[in-house]
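Below you'll find only one chain, the form predicted alone, shown as structure tokens.
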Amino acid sequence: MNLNIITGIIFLILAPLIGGLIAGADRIVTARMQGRVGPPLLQPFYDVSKLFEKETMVVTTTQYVYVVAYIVFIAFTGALFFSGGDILLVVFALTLAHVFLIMGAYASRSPYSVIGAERELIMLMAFEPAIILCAAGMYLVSKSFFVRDIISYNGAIILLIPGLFFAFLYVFTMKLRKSPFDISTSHHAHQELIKGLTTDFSGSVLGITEIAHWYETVFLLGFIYLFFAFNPVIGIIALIVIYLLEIYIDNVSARVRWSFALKSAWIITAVLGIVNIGILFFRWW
């Protein structure tokens, strides 16, 4: 069997396990920062297993279909990425996955869910330009849109596209649903929209959503690793430092308005991303 296919299958199997462990470690580190002991490392798995044991109440059957489509495309996104596929197709699949999640929230017609869905659309608009420009920048450096070629590039990509890297880090907080950008939904109880996007998700539907988030977390960390792929040790250290930084930001930041989140993401992406790509054009000219 082709090695790329094997790595894709490994992602499908191990990503939920790794993502759940990351979520557990996240809770422990957050608790220690707040002076608490925190839950056990495996608490996220216990929570999800309880969700699948509960009765699933759905307002409309299409909601379940949308959520299943969401996790399918999230899993496909990560599998395609880790199998070395086309990074543009990866970006499009990720976007489609979140469109299904938003449609699932809209299906309930609850005011909290609808507002959460609208805010998720805004976050999608804020995130997409950064990841698309990152893909374009990696292409300019490696001369390929395929992840397997980007990761095998003989050089430190981070040194050639630092602006794109910091632009992606800024919107990375949005995808992790952490403060100050936990606008559409949050993993914490202090969300002013109750649970926003996932207010009317329950039972197995909510459990599927949590597992999909684990898949996405592993994929996003893999995307960041591309910047440091020239040295695996440095790459792993960078991922740990970056995630710890995200937890710290989550604990010290207050939630911002959606308008600030969108404008700031676009401004930072435009300034850092477009300038960085412009420099690359002149460099290769």
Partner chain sequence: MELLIFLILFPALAGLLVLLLPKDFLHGAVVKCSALIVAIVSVVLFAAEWNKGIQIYSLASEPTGQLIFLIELLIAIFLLYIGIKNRQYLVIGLVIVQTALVIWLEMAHPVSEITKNLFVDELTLIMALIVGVIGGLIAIYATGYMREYHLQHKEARDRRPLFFCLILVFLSAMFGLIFSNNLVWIFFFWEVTTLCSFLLIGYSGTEDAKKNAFSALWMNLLGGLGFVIALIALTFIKGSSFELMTLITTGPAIALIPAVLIGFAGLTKSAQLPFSSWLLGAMVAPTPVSALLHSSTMVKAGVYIIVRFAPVFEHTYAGYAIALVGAVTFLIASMIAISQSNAKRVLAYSTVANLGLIIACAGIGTYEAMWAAIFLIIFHAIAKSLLFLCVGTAEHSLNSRDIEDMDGLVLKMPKVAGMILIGIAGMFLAPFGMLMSKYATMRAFLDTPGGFLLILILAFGSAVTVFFWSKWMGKIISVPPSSGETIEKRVSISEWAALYSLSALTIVVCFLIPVISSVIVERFLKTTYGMTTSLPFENVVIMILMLVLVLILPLTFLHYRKDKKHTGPYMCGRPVNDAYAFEGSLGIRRELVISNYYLDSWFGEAKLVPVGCAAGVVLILISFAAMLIGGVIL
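Residue numbers count along the first chain shown, from 1. Not measured: the values here are computed from a predicted model.
There is another form of this protein, the form predicted together with its partner chain, and it is not shown here; the text below is about that form.
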Quiz item: Is P129 close to its partner chain in the predicted complex, meaning a heavy atom pair under 4.5 Å apart or at it?
Solution: yes
Quiz item: Is P111 close enough to its partner chain in the predicted complex to count, meaning some heavy atom within 4.5 Å?
Solution: yes
Quiz item: Might F73 be said to contact its partner chain in the predicted complex, defining contact as any heavy atom within 4.5 Å?
Solution: yes
Quiz item: Can L14 be called a contact residue for its partner chain in the predicted complex at 4.5 Å between heavy atoms?
Solution: no
Exercise. From the candidate stretches 165-173, 119-127, 151-159, 209-217, select the single one in contact with its partner chain in the predicted complex, where contact means a heavy atom within 4.5 Å.
Key: 119-127
Quiz item: Pick from I249, V65, L42, I240: which residue has any heavy atom within 4.5 angstroms of its partner chain in the predicted complex?
Solution: V65
Quiz prompt | Interface residues of 90-115 toward its partner chain, as seen in the predicted complex [heavy atoms, 4.5 Å] | solution = F92, A93, T95, L96, V99, M103, Y106, A107, S108, R109, S110, P111, Y112, V114, I115
